[in-house]
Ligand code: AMP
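Just one chain follows, in the form predicted alone, and it is written as structure tokens.
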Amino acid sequence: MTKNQKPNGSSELKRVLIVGNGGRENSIAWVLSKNESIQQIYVCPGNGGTANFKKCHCLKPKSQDEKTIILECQRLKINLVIIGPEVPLANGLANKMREAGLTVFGPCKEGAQLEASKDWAKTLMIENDIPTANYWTTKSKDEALEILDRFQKPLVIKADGLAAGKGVIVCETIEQSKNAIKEVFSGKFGSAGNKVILEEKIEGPEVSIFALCDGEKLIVLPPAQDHKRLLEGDKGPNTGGMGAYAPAPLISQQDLQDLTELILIPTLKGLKRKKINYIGVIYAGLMLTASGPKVIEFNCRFGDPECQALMPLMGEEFATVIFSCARGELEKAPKLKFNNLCSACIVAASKGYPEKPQTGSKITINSDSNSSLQVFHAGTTIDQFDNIITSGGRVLSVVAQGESFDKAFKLAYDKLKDINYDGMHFRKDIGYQIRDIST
């Protein structure tokens, strides 16, 4: 705690800066804007939808380097910084901001290894008896092919480092595994593929669980389910995520409590044993196998698009809880409440995503959002004529809430009819596991 901070409460939470420009950051800005004590929310650099929410502004300094952003935080008297994406966390932005006296929600560089290195995360799991698939780590194409030949089954091939959510290749045949190994070692994912994880292929539905951590304690959020593949029926290449829904009914409240004891608490304890004060989100991507739940991967931040589905479920005290987390004072935070609605998120992407997304198209949105429907911007910007223009692979997230998933998804898909841009692409079967898509 810095000397000008009060011991508890949210009265001094006036000005917030969110680092990032995606749908995740847009949805966090939206939920924070509902907090009456917050006066200004800056998103750096933000996107074409940032200013749609009250009190929210894009912050685009002349330089995006760490020193400039820290100076901007000090100039604006920012009380809380939330770092959204994994890359600045892995590069140590949180460390430098804390050294400058800022209050930050987001793990230090050492803690961000949970996502930045799959090998590091796997080692942490093994050390702390956290269930996960068998794996091999290699730095050589020849060694990887030798392991595959010895195992004689298809393996999942993973780049060790950060690859924007696209560094995992799920293979159905041994031949596909061979090709994937060659691709990764030929530089498909750049330096992220200098070390490669070969993982035993496991089967079962996937689900994501999230905990807000203050270094000592944690609060668990409702579970969510993401859809990684580009095309209907979970086909096509992996993407950063084409849609999500929450709370995922695959996990009951008792299941969530059990998973907290089995996975989240041991993870936090394992980090503490490594002398890491982990403040931020622990995101565990799980597969529910016949032999029990297993961790597929860890992330060190909110998922995208899971975050967009989750934020509308958060109570108004969410901002205060995040602030308490960032100060290592979770025990002083108010109880975080969740509403009992179903939340559905559908991502609208650009033509060519994820390999070569087409950008520069004008976007038209022909109706307004309301209390049950949100349009969160991601890959958008505003041109000199105040038009909204596509600027990335995942362009918008349309999110809706309802008393049932069928109602929530119907509302979200109906909203998509009011949005148009050249090359617009979205999956029509998001949430197929829990809704009727026959009509």
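Note that the structure is predicted; figures quoted are calculated from it, not measured. Counting begins at 1, following the sequence as shown.
Keep in mind the form predicted together with adenosine monophosphate is missing from the figure; the text below concerns it.
- Glu297 belongs to the set of residues with a heavy atom inside 4.5 Å of adenosine monophosphate in the model of the complex.
- Proximity of Val170 to adenosine monophosphate in the model of the complex falls within the 4.5 Å heavy atom cutoff.
- By the criterion of a heavy atom within 4.5 Å, Asp160 is excluded from the residues contacting adenosine monophosphate in the model of the complex.
- Taking the partner from elsewhere, Asn238 is found to have a heavy atom lying within 4.5 Å of adenosine monophosphate in the model of the complex.
- Just one of Ala100, Leu230, Leu76, Ala133 comes within 4.5 Å of adenosine monophosphate in the model of the complex, counting any heavy atom, and that one is Ala133.
- Proximity to adenosine monophosphate in the model of the complex, taken as a non-hydrogen atom within 4.5 angstroms, holds for one residue of Glu206, Glu216, Glu72, Asp255, which is Glu206.
- Residues within 4.5 angstroms of adenosine monophosphate in the model of the complex, judged by any non-hydrogen atom, belong to 152-160 and to none of the other stretches in 152-160, 273-281, 321-329, 355-363.
- Contact residues in stretch 197-223 (any heavy atom within 4.5 Å of adenosine monophosphate, taken in the model of the complex) are Glu199, Glu200, Lys201, Ile202, Glu206.
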